[in-house]
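One chain comes next, on its own, written as structure tokens: the form predicted alone.
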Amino acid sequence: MKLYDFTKSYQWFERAEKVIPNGIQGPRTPRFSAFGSVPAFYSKTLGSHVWDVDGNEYIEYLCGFGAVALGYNDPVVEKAAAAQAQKANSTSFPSPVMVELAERLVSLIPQADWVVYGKNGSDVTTWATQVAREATGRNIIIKAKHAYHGFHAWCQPSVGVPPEYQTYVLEVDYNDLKALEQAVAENPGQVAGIMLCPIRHDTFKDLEVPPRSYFEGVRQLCDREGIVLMFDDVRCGFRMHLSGSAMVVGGDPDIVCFGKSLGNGHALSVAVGKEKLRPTANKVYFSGTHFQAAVPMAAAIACLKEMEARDAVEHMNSIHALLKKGMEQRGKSAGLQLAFSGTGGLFFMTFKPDPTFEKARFFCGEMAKRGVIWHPHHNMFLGAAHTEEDVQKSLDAAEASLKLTKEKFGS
């Protein structure tokens, strides 16, 4: 086959660097992947496929970094969004669809007695920590080391952030109940909340799914010490279970944060919580100009209905199993040791050994040249639009790419 060329993508990237810091901000930059061997700009998306500005078509396993669960430009979701756009979107007062979506989420998610709206995961995770602090009258928040909960100052060490902003944030190893108990014991009566992801999905790391006993232990610790347990289900939400990932991993959190796939590409995030925290939720201010925009809410209602109707989570589980088995078989045939981790709609693949991820970047670039978008550093996603045919074509591309990886790096 003729390998893909990315000339126009990098012409656009050069233009972008002149007017936008870093050209492309955050993890979507090709500098975070296999620079020069992957596209930088898309021109069109549909289902599980994307097209870049050079006209190349790909099977894609990023799903908008998790923002799409049904597939790009899903016709049912887009029809609902378009119908709402004809009536109202960003208005001075909210549309009834805000109440309708909240009612659906309350009926769907066991921990949801109320709902608040934001735009990004960062909005709702940060607000959740404020609720925990106000409800308990304490300051300390505990999170897992290297866990990403957004770009706000409390959880993202960065330039321009005074160290004092994280004075009351402690970190422990993920899936280590004893370390968590020790951190609480060393700060008696001072811990307001614990923020955890249902699975570990740090960049550059194999995904880790803890046993239910871990979250059951965390729940018992929080009940014993009067701590608010918060789940960051922004990345995993609706991909492991339609009623939230706690249905799979346990823990029964007090507040759960969702986003990404909720609107199937339309910007929306929510925090849901238990009745006992409603008085505090009433007090902690939370507002943004576009937080109550109606179009994403209409899209979210349609998305949730379609995910249920299509049994999307089970479909992702099935596709995940096919992809995992096929990759492991081809890795073994190529004489390479692969680790394929994750569950359901989230997965990651690493080479062993590959301490600098050089093999992963090379493999990712070779996959892109053959029509498959893969990522060397960030977990990938599956959606309801991925098909068995997509998997087979991806495995064909992987077979050639793995062979080249072996030739270049050895085993």
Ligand SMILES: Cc1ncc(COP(=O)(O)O)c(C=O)c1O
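Just so it is clear, the model here is predicted, and its values are computed rather than measured. The first residue of the sequence shown is number 1, and the count goes up from there.
One more form of this protein, predicted together with this ligand, exists but is not displayed; see below.
Residue contact with this ligand in the predicted bound form: residue 121 places a heavy atom within 4.5 Å of it. Proximity of residue 150 to this ligand in the predicted bound form: non-hydrogen atoms within 4.5 Å are present.
For the chain shown alone, residue 143 is not a contact residue for this ligand in the predicted bound form, no non-hydrogen atom being within 4.5 angstroms. The closest non-hydrogen atom of residue 295 lies beyond 4.5 Å of this ligand in the predicted bound form.
Though this ligand is absent from this view, in the predicted bound form it lies within 4.5 Å of a heavy atom of just one residue from 132, 234, 307, 81, which is 234. Distance criterion of 4.5 Å from any heavy atom to this ligand in the predicted bound form singles out 197 from the list 77, 197, 112, 227. Proximity to this ligand in the predicted bound form, taken as heavy atoms within 4.5 Å, picks out 197 to 205 from the listed stretches 273 to 281, 197 to 205, 316 to 324, 171 to 179.
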